[in-house]
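Only one chain is given next, in structure tokens, and it is the form predicted alone.
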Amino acid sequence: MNQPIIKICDTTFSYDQKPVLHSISMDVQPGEFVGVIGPNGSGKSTILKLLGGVLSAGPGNLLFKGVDYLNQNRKHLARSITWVPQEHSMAFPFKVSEIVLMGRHPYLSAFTFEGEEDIEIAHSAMERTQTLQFAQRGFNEISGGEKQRVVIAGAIAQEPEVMILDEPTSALDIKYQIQILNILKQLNENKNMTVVLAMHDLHLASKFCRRLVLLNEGEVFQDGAPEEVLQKDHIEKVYDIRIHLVRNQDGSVMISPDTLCIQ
């Protein structure tokens, strides 16, 4: 097995002294497509923020290509890993095209502007995400789903080795959910980009992700192929709900609730 591109080692994390993650360990191999799943409050967003460098783990707890995040060149890390949050707010009236071009900032020196190559890369990213048609509109003038696609376009323009996404399909209708996941799948397969994303939709997670990490109360409950993780008893225990589970020929699952568990 290759050296992990990202490794989180026995990490505990707290907000205001309230533990959210408990001794989490997780390796991500180069070129993997990993889905992090689990109920609300299980720690999905927190672990992704750690992997994306948004939150800081203790020394030795988080490694990129074998080197502690804390010892990485910040510009190199910014080029290598991109973080796409679940919510997007923008205080200044930037145009959509300007937001996408921000993905090129890790490649620019101080006081320099984007060149022709940067503009071409951003243009291509907007074409991929079907956001080119409102490139000149204000970012704050477009819908939540359109904002999500624009931010993902900016992440694509960054040309990272690793893309970390927190619920990238949450604000999208089914057409654009499939479109964005197909884009990520193509980047993963054709560019060997490592993708780690949090998802609530277990059907889409089983359909697109090649590996799933199921969290429960800040701990890894199951980690493996979708058909191993998405077992009826695992889901019922972690989500505290009785379900019907149907496994399709392609290995994906369809899940519907039966009755809520009453404790």
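In case it trips you up, residue 1 is the first one in the sequence shown, and so on. Keep in mind that what you see is a predicted model, and the values were worked out from it rather than measured.
What follows is about the form predicted together with a small molecule, which we do not show.
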Though only this chain appears here, would I24 touch the small molecule in the predicted bound form if you measure heavy atom gaps against 4.5 Å?
-> no
Even though the small molecule is not shown here, does G43 get within 4.5 Å of it in the predicted bound form, heavy atoms only?
-> yes
How about P30: is it within 4.5 Å of the small molecule in the predicted bound form, going by heavy atoms?
-> no
Report whether the minimum heavy atom distance between V20 and the small molecule in the predicted bound form is within 4.5 Å.
-> yes
Specify the contacting stretch among 63-71, 223-231, 43-51, 201-209, defined as having any heavy atom within 4.5 Å of the small molecule in the predicted bound form.
-> 43-51
